[in-house]
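Okay, here we've got a single chain as structure tokens, the form predicted on its own, with questions on binding and movement later.
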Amino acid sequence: MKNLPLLFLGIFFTLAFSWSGLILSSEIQYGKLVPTTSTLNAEGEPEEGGELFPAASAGIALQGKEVYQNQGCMYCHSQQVRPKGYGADFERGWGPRQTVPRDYILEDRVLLGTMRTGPDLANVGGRALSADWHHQHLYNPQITSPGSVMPPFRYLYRMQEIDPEGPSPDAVSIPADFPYAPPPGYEVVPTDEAKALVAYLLSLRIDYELPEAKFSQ
């Protein structure tokens, strides 16, 4: 019992040191970052009247982020493009530039990810992939990416009989010879969750520049 105060102080300072290193130092470095223009004026300030970046997600894309999280997509996909010399991100076409802290300041939860079982998605909306491609990929990845280890998300879709007046405009294009193609007279359509998720994926774009990103390449 004589060493109890010493033990308490040791635990306290360990936690305080960890908090200072992980939380306080990050707040000091990045806590005051705000959206800025792609270039700065001669005084190093954002250009007056210029468009500010990044922009906040809104609408159905914001709902789709919730679906993305609920489905655990961040466990296999990252959203951070590494600088040159730290991997093959640029060679793989995962982004036009590296991501920097300011890219994430408007995110209520930053989904950097912990591993890359699948490709990085920080700029997936900037690739030449249509909404229908994403729906095909989610319904069954083997349609678009044969050999993929990604699991299918067929439960985000429903099969329905084709209306006599014609197929639904939302119907997913699935090759007739594919094992999971709907039977004749039926179609696969996305649920609201699937539509929101695809809207979120299409919103992930690095189509703007940030001053600090230019100095980090």
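Numbers for residues come from their place in the sequence shown, where the first is 1. All values reported here derive from a predicted model rather than from experimental measurement.
Not pictured, yet referred to below: the form predicted in complex with heme C.
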Worksheet item: Any chance Phe90, Gln98 and Lys214 all have a heavy atom within 4.5 Å of heme C in the model of the complex?
Response: no
Item to complete: Could you tell me which of 150-158, 169-177, 188-196, 41-49 sits within 4.5 Å of heme C in the model of the complex, going by non-hydrogen atoms?
Response: 150-158
Discussion item. Is it the case that Val124, even though its partner is missing from this view, gets within 4.5 Å of heme C in the model of the complex, heavy atoms only?
Written reply: yes
Discussion item. I'd like to know whether Gln136 contacts heme C in the model of the complex, with contact meaning heavy atoms within 4.5 angstroms.
Written reply: no
Discussion item. Given that heme C is not shown alongside this chain, does Leu129 nevertheless sit within 4.5 Å of it in the model of the complex, heavy atom to heavy atom?
Written reply: yes
Discussion item. Against heme C in the model of the complex, would Cys76 count as a contact residue? Criterion: heavy atoms within 4.5 Å.
Written reply: yes
Discussion item. Suppose contact means any heavy atom within 4.5 Å; which members of 85-118 contact heme C in the model of the complex?
Written reply: Thr117, Gly118
